[in-house]
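The data below hold one chain only, encoded as structure tokens and taken in the form predicted on its own.
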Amino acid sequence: MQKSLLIEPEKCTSCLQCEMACSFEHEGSFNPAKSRIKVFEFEHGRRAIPYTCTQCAEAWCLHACPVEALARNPTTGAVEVKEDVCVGCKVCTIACPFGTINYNRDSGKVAKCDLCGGDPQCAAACPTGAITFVDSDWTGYERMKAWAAKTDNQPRA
């Protein structure tokens, strides 16, 4: 069973625990600037939305890489960077329509969410449940159910 990150922005308080956990897991330091997940604030901080790679089924980044430094992990389904192969050309950053692959100046390679090998630390660190790791087939189920309840204005027979 493949799993995905489910992000529920309405639960996000912009505490940045996800960014801290991610940067510590991958870079060994608490540095949100090096996180592979970002929290964007809107309406002067009244709304916050965590944002990271969605592990696209048709991953443009993977197909764009000229040296095949990106590969899908068969266990987690995550598109991962093979750092020993990456030449830092940044073609994948251009190909990604969502801007979720970033260049790391320190390593000279690109960095993106790899789902932490199947145990995403952003989800583990989120105190409000705004980020959870769920069965990929059901990432939209709760939203569909909530929307259906809001629009249920049909009289019952």
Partner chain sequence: MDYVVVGAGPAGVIAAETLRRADPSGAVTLIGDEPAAPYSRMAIPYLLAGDIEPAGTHLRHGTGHYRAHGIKVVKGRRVTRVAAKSRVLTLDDGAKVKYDKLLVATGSRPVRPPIKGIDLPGIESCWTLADAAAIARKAKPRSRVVLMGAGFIGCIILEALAARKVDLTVVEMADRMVARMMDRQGGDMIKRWCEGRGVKVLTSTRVEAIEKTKTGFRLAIGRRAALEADLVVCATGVAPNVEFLKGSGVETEFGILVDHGLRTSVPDIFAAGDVAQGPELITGKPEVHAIQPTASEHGRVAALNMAGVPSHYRGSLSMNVLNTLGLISSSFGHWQGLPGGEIAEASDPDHFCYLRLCFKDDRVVGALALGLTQHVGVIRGLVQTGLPLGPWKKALQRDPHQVMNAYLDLTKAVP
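For clarity, every value in this text was computed on a predicted model and none was experimentally measured. Residue numbers count along the first chain shown, from 1.
Form predicted together with the partner chain: not shown, discussed below.
The closest heavy atom approach of Glu41 to the partner chain in the model of the complex falls within 4.5 Å. Residue contact with the partner chain in the model of the complex: Cys96 places a heavy atom within 4.5 Å of it. Put simply, Asp135 is far from the partner chain in the model of the complex: not one heavy atom of it is within 4.5 Å. Proximity of Ala123 to the partner chain in the model of the complex: non-hydrogen atoms within 4.5 Å are absent; the residue sits far from the partner. Heavy atoms within 4.5 Å of the partner chain in the model of the complex are found in exactly one of 127-135, 114-122, 41-49, 22-30, that being 41-49.
Residues Pro9, Glu10 are the ones in 4-30 with at least one heavy atom within 4.5 Å of the partner chain in the model of the complex, listed in sequence order.
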